[in-house]
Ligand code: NAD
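Below sits a lone chain in structure tokens, taken as the form predicted alone.
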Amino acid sequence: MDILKLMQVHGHELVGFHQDPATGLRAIIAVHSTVLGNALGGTRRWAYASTDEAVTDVLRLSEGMTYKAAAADLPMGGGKSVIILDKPGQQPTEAEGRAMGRFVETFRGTYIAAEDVGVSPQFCDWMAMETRHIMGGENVSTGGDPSPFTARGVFNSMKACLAHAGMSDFPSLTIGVQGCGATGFKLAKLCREAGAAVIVTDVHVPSMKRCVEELGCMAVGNDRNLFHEKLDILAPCALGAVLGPETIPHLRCRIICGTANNMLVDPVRDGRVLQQRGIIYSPDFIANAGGLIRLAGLYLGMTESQIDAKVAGIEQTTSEVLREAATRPSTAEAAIEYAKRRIQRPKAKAAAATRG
């Protein structure tokens, strides 16, 4: 893998690798862009099959964070970090968290860490013992669990998709939620409260059972069966790269809108296939920006009402991107163009000032 070439192709500014002999920590931080501000993005703990797989993940995730912040009109850049675990389910420790915090501190605020898959508010607080450039803790740092805001933002994006499709409101819908973790459970709850029938699936059976028992959801046991169900909305809420040549041909849904990042295997190819099939795809970095808005808003000193207004604004942003997609090959490409225009605004203003 030619990492420098990949950085050049995707526009990354900085990628750092770190290993800590005392704790065994192996981690990567990728800063995609700081054009709009310091790069904010979560830390993911995962048992990757290889270092190359971890690099690919952190590069894709950090680029997505740049677009997510820009589309949400936040003065923040995009970054991400991953911790490479030796085996699945490896339990986090304070020593590991503090070692990761020291790694984050070497970036001197260019990168601001936060919560992601495998990282809890407690882990964020452990990191915060070594760096102040961290959001998402509850005692040492601030922000807490952002998943309620992520779920709320996706729910708002669903409303825009329904309006765009001319479909009825939630009481007449069947929604499939793949992944019943922090964001998936909360999204399923919002959909049930709005009157929708919800089908859930998760490889972690207790999480799936919780949705059935507490929310009255229906369940399908095999993680992939949900992609064959007839649905009004499919909501991928687990890991990314779940929509590609192996799954898209089997889809029987009208809308795709979920909390997962990078859900398309190939955004250009797969986004175009979805559009050709008449499936409305709400680009993930537009729909799931609520968690970022929450943490970035606190970091920037916004009030709770300002944060809530921005999360509500995801509905309008989704509508704008869906309208623009009518003259583009896909909503995925329309969303990237939308975000890139916002990233270019400071450059254009600077150029105009220089000419003046």
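Predicted model only: the values in this text are computed from it and were never measured. Quick note: we count residues from 1 along the sequence shown, nothing fancier.
Note that the form predicted together with ligand NAD isn't included here; everything after this is about it.
Here the chain stands by itself, but in the predicted bound form one stretch of 234-242, 105-113, 275-283, 213-221, 234-242, has heavy atoms within 4.5 Å of ligand NAD. At least one heavy atom of Thr183 is located within 4.5 Å of ligand NAD in the predicted bound form. The closest non-hydrogen atom of Asn288 lies within 4.5 Å of ligand NAD in the predicted bound form. Within 4.5 Å of any heavy atom of ligand NAD in the predicted bound form lies no heavy atom of Ala163. Interface membership of Ala260, defined by any non-hydrogen atom within 4.5 Å of ligand NAD in the predicted bound form, is confirmed. If you check ligand NAD in the predicted bound form, you find a heavy atom from every one of Arg44, Lys68 and Ser207 within 4.5 Å. Checking Gly176, Gly77, Pro146, Gly101 for any heavy atom within 4.5 Å of ligand NAD in the predicted bound form turns up a single hit: Pro146. Residues Thr201, Asp202, Val203, His204, Ser207 of 191-209 are found to place at least one heavy atom within 4.5 Å of ligand NAD in the predicted bound form.
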